[in-house]
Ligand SMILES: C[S@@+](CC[C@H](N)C(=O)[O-])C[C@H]1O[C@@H](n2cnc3c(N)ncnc32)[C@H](O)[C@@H]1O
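Here you get one chain, nothing else, as structure tokens; it is the form predicted alone.
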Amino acid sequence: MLGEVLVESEKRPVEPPAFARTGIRVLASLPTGQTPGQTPEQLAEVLAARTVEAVPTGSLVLQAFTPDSPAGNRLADEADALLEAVRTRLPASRLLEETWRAREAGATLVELCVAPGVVTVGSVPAKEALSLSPGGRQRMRRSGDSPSRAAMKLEEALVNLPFEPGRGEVCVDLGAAPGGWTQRLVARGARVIAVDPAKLMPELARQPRVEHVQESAFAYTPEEPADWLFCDMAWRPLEVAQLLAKWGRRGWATHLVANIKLPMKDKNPILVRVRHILTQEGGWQGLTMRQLYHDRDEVTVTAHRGI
């Protein structure tokens, strides 16, 4: 353990831990407040030197975060100050300011973790990063017309995908009511088939690019394959996994974004079974499974077929 909510491992796991917000290769862990005569400037010099030594070429995205704990959150100002001090000691020509371009630019994400008693610097290629946000905290803003906070979960999931639903693409939203996810998909120009026995918010029901099918998601059969399948149903996880596997097995959708609700206890065994159902029984490929910042007792699953 590096500290509260921070875990260090000698080996990289085969599958990224579902409950990890971020993952970096540790370049150095330095004690703070314990080295006689060490100034913040000297600490910044050491961290900058370790960064350049470990990542000698290419673009860098430099970020700082604190552990998501009460003690860690109190160090936010210290983390910001250290970030600026290290930034001024790195070649300006290598710093990529547009974080959203990091993956396409082949940049390396360098993160400073300021925790009680220790500062850790680590790196990860942006293309392999679990998140491009500092510490994996992708805070999304809830729009004033959103019917629920569920929309923020979808926005965060799409931010971490290499692409998202485009204009004219067909999206099926299982368990759509009251319409948080459908609303955000329509805003992107997609055509949405919203499946739910309950009613949608009135403005969505009148939207010409929304078709509301008032029946159970488990009974629904699409008339044509969809580009995207979305699902955020408060239902038993293994039954939802079986439903999503059916869509994959029958080729009813190309891309998948779904939230799987989890029990209060024994979450990991359920996740193992869900992964098996989706990949081995459903044929979904490239599966990711993560608890995002806006998730609660759930994980967000993404996958695709035949691309």
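The numbering used is simple: start at 1 and walk along the sequence shown. Here the structure is a predicted model, which is why all the values come from computation and not from measurement.
Keep in mind the form predicted in complex with the ligand is missing from the figure; the text below concerns it.
Asks: Since the partner isn't included here, can you check whether the ligand sits close to all of G180, S216 and A234 in the predicted complex (heavy atom within 4.5 Å for each)?
Replies: Looking in the predicted complex, the three residues G180, S216 and A234 all sit within 4.5 Å of the ligand (heavy atoms).
Asks: Between the options L83, A150, A102, I193, which residue brings a heavy atom to within 4.5 Å of the ligand in the predicted complex?
Replies: Contact check passes for A150.
Asks: Heavy atom within 4.5 Å of the ligand in the predicted complex: which of R50, K261, R275, K246?
Replies: Of the candidates R50, K261, R275, K246, K261 is the one lying within 4.5 Å of the ligand in the predicted complex.
Asks: At 4.5 Å between heavy atoms, is P202 in contact with the ligand in the predicted complex?
Replies: The answer is no: P202 has no heavy atom within 4.5 Å of the ligand.
Asks: Does A92 reach the ligand in the predicted complex, with heavy atoms at most 4.5 Å apart?
Replies: Heavy-atom contact with the ligand at 4.5 Å: absent for A92.
Asks: Does P197 reach the ligand in the predicted complex, with heavy atoms at most 4.5 Å apart?
Replies: Taking the distances in the predicted complex, the answer for P197 is yes, it comes within 4.5 Å of the ligand.
Asks: According to a 4.5 angstroms non-hydrogen atom cut-off, is A176 in contact with the ligand in the predicted complex?
Replies: Yes - in the predicted complex, heavy atoms of A176 and the ligand come within 4.5 Å of each other.
Asks: For the chain shown here without its partner, which stretch in 68 to 76, 217 to 225, 157 to 165, 110 to 118 has non-hydrogen atoms within 4.5 angstroms of the ligand in the predicted complex?
Replies: The contacting stretch is 217 to 225.
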